[in-house]
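First, one chain by itself: the form predicted on its own, in structure tokens.
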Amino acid sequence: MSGPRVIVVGTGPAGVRAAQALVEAGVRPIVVDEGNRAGGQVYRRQPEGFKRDYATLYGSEAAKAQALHRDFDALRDRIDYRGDTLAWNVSAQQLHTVHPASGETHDIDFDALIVCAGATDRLMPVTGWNQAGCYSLGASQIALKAQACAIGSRVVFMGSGPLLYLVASQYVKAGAKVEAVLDTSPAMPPLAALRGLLSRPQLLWRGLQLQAMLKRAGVALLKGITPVRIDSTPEQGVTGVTVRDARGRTRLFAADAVGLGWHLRAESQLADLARCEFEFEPLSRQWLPRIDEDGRSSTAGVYLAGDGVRILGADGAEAAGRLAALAALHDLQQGSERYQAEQGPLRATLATMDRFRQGLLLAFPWPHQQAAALPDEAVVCRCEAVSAGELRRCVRELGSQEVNRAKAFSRVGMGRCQGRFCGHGAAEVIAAEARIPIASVGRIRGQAPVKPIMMSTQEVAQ
């Protein structure tokens, strides 16, 4: 390969637009994709042979999804595309990948690495969430998009944020029975939230339309709820959801499946392994990779874009992916003129997206107080069956006021998900028990491999 070697990880909106910008500059990037078809989670494609049209799959986002898929397909012969490939580690100027089916690994040198790893559901533990029939909102969406099936015959969705209403509406549109949408956020958002949300009035209006559609379909919509437990039996799995409503009344909703989610969390493990610096964001109560306005991380040659660094939605991811690629080209002395011409407008777009993001965080706050109220027997880490009581014992008896110390003593975050789903909730339990600021608890450090891989692999250096 002549010219600089640039790797793009991910083919969601950020990754596709990054690859497109590189190709326009005459660079043939290596594009690593854990899936086998471009689109990411938000524009996930249906399997080959399925016949649903774009309007059915993506609703109001159909045109954007179709454009992204079309543009990526047009790039295929101008990029080195490696689908079904997991990027499992980053070392000095080298990305380590594996093809899960064959177990073959590749160590790929790079001059620039653009990580567009996307996001996963941000989950708060709920008593009973470790029972059969509990899914994340993202998993519920994947079942609908990729398998054309619902997670249950009577479904309750619980959590907060736009994805809660989007997935519920997609289920209703597909003909599934949605019993209720249970939102922990208050019915009336603060004024500061409205100012942020009005930066993108069309999206605000679309969210209100989704809620109206759910009401017309007869779905119970409750805001300001407090989760009590997910009811279940060993034979049936989930049987219902018990909550307290905004008036303090106990409500039970019968269900055989539950979809859970409180916004999204950035998939930042590769950034961590690349030794990028992180910073604590008080508004969302989480640690995020530190980047400059154009996506440069603190590690030379590593760029971060899309929901894998800031949750700005699909439109924001497209702008961030292109800007990060242009920044990389500029730094490699491959396209300074285009970078200078587009830098200002793209930065302005991202600033608008970030105002909206902050509005969402204020309107749909992360319910950190819920962690403090968990009973001791509630499971926090589902992979390792670590309870809230065990974490509190680590704080009281072992002095584990930092999450990685608690991990060493309790195994929280040591399972298959490596803390993706339990890490934020575990940190909140520790902070509440230790009576310290959540920032002082720290974050679970990333470890390679970022996801499980086979022990028998064949390394191929490139």
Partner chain sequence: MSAASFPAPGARFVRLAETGRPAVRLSIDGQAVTAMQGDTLLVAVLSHQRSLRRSEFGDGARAGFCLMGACQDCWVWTESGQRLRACSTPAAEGMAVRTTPPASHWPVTPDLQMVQGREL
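Residue numbers count along the first chain shown, from 1. Keep in mind that this is a model prediction, so the values were computed, not measured.
The form predicted in complex with the partner chain exists for this protein as well; it is not shown, and the discussion that follows is about that form.
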| item | value |
| --- | --- |
| Proximity of residue 174 to the partner chain in the model of the complex, heavy atoms at 4.5 Å | yes |
| The partner chain contact in the model of the complex: residue 236, any heavy atom under 4.5 Å | yes |
| 4.5 Å heavy atom contact, residue 138 and the partner chain in the model of the complex | yes |
| In the model of the complex, residue 240 touching the partner chain (heavy atom, 4.5 Å) | no |
| Options 401-409, 416-424, 65-73, 22-30; stretch whose heavy atom lies within 4.5 Å of the partner chain in the model of the complex | 416-424 |
| Site check 119, 151 and 451: each within 4.5 Å of the partner chain in the model of the complex by heavy atom | yes |
| The unique member of 390, 331, 179, 384 whose heavy atoms fall within 4.5 Å of the partner chain in the model of the complex | 384 |
| Position in contact with the partner chain when the complex is considered in the model of the complex, options 297, 284, 85, 130, heavy atoms within 4.5 Å | 130 |
| Members of 35-72 lying within 4.5 angstroms of the partner chain, judged by heavy atom, in the model of the complex | 41, 44, 46, 47, 49, 50, 51, 52 |
